[in-house]
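Here you get one chain, nothing else, as structure tokens; it is the form predicted on its own.
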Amino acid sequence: MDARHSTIQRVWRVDKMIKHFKLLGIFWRFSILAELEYRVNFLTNAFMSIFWLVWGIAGASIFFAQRDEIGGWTYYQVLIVLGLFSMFTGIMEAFFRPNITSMIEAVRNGTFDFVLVKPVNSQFYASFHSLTMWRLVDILAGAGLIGYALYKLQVVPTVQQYFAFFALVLIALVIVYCFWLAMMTMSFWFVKVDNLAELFYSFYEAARFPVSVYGTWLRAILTFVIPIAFITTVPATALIGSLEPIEMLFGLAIALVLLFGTNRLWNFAIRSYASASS
């Protein structure tokens, strides 16, 4: 009986996972169709994404005008970091910001009740039901910049380096998601939490450059307190072959702790929610 029960549980989990992936496809398809109704707006915003990436490259070029390296990183190595910065900016703006905005409004107006009664996990729905398609340009442009920088460096990462890189990108995704989920959850207790997103971006701007360019105390904050280093700097080290194994283990530990903690926070917040009907 135990073996049969275990098999049923595994089948149920797989079926539930497939259901959630199908829902993601439905959510994002409708978001994309809504975006395509205003194609000029899409093209304009896509152009601005490219513009800001080029502006960032220009800023890095100014830093390297009189020196060959900064914080132990060469120009094209810094471009890899800048590419990752663009990718994660696109991820946050495409997948996380639209959802946190609608979440805040739903809690403020009392319409979050409709989320709770849906036959789907409330955290999943609140986190991923919207998509801002044009911000995907940031992701593609960042990936292109990384490829260009590797080409100029004449670096061909090994299979192990690619594996470490993609593993660290997944870790970075979890870390970023947990920060946004925590900010979103604060809306259950505070009327205005939009400023938290701006505060996060103030720290995130530091990820444009490797953390080694900053002073000791700021580098420690960006690594251990607000782990911005694991979003851009550490994945970049995997591609250029300077990653320390302890960095990946530490990043994994941070991601797991944040994921568990924010999920507990969300469940606690749901129990504290005073719905419009209560």
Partner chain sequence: MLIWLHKYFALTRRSIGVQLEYRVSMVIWMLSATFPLIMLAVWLPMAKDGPVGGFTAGDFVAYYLLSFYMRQMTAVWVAWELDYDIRHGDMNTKLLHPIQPIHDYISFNLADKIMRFIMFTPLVIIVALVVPGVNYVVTPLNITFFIIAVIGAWTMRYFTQFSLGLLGFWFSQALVLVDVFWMLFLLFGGGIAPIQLLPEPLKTLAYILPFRFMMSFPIEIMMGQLTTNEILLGFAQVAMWIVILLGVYKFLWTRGIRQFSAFGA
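Here the structure is a predicted model, which means the values were calculated and not measured. Positions refer to the first chain, counted from 1.
If you look for the form predicted together with the partner chain, you will not find it shown, but the lines that follow are about it.
In the model of the complex, residue 226 stays away from the partner chain, with no heavy atom inside 4.5 Å.
Residue contact with the partner chain in the model of the complex: residue 62 places a heavy atom within 4.5 Å of it. Under a 4.5 angstroms non-hydrogen atom cutoff, the partner chain in the model of the complex lacks residue 76 among its neighbouring residues.
Not displayed here, the partner chain is kept clear of residue 242 by more than 4.5 Å at the level of heavy atoms in the model of the complex. Only one listed stretch (196-204, 88-96, 152-160, 177-185) carries heavy atoms within 4.5 Å of the partner chain in the model of the complex, and that stretch is 196-204. Residues 209, 213, 214, 215, 218 of 208-239 are found to place at least one heavy atom within 4.5 Å of the partner chain in the model of the complex.
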